[in-house]
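Here's a solo chain for you in structure tokens, the form predicted on its own.
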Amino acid sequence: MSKTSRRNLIAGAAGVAGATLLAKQYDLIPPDAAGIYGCGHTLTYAAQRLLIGSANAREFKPSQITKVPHQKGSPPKAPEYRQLQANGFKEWTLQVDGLVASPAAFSMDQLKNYPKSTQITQLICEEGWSYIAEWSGVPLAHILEVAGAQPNAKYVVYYSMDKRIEAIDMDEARHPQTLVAHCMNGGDIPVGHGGPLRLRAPRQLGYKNRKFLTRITLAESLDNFPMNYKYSWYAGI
């Protein structure tokens, strides 16, 4: 190895070490910071959080809504889902528990009577496709306020009827564009797009926008949750 290459390597390592220390200083170490890709995950998460902060995802005009939005996957095969669907999802509930003062199960009527926010944003999938749609629902921040999120809660873990689980940090959960969405393009969310409830986080890639939302748990750590890190935990765009 030449002196120049060695010098560049040392400088690069020093830069990474310095960035990691900065991430620790601001408590921006992601849950998947260990392992071979951990340093990269840390740099991505910390850099986006420090540089982008609370900036909004781009919003679009009604004329830009995708006429036929891409639909991926199929609805849950669980008999419970089919029974709820047959009744128009009237008995669907969203359970909120964990580090909250008042654990509760919110009905669809309750959610639809809470303050509603509407956005026209782009859902971008990690697989390369995307579409623009109008989403309406309750700001997740409002639900966390009603449930009484405790100060030590660091993550919002959310579950879907199809047994999938994801998590975002509290900054993303409290961002005004992050919704528990119940409407898409002016009507109820179609089953093919995750109805009746979907976590809509337009600043995150598609896999964080979980369909068939049934439960939210606030936690201080993700160590005891069966997280699947097929992709990186942080999916900021």
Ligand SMILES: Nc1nc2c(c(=O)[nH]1)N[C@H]1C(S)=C(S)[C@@H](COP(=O)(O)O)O[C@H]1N2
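From 1 onward, residues are counted along the sequence shown. Given the structure is predicted, the values throughout are model-derived calculations rather than measurements.
Below, we refer to the form predicted in complex with the ligand, which is not included among the displayed structures.
Asks: Going by heavy atoms within 4.5 Å, which of 100-108, 81-89, 117-125, 149-157 lines up against the ligand in the predicted complex?
Replies: Heavy atoms within 4.5 Å of the ligand in the predicted complex occur in 117-125.
Asks: Does at least one non-hydrogen atom of residue 192 fall within 4.5 angstroms of the ligand in the predicted complex?
Replies: Result yes; residue 192 sits at the interface with the ligand in the predicted complex.
Asks: In the predicted complex, does residue 211 have a heavy atom within 4.5 Å of the ligand?
Replies: Residue-level check for residue 211: yes, a contact with the ligand.
Asks: In the predicted complex, is there a heavy atom of the ligand that lies within 4.5 Å of any heavy atom of residue 70, even though the partner is absent here?
Replies: Because a heavy atom of residue 70 falls inside 4.5 Å of the ligand in the predicted complex, the answer is yes.
Asks: Is residue 112 close enough to the ligand in the predicted complex to count, meaning some heavy atom within 4.5 Å?
Replies: No, residue 112 is distant from the partner.
Asks: Please identify the residue among 49, 203, 198, 41 with any heavy atom within 4.5 Å of the ligand in the predicted complex.
Replies: Looking at 49, 203, 198, 41 one by one, just 198 meets the 4.5 Å heavy-atom criterion.
Asks: For the stretch 156-183, I need every residue with any heavy atom inside 4.5 Å of the ligand in the predicted complex, listed N to C.
Replies: Residues within 4.5 Å: 160, 162, 164.
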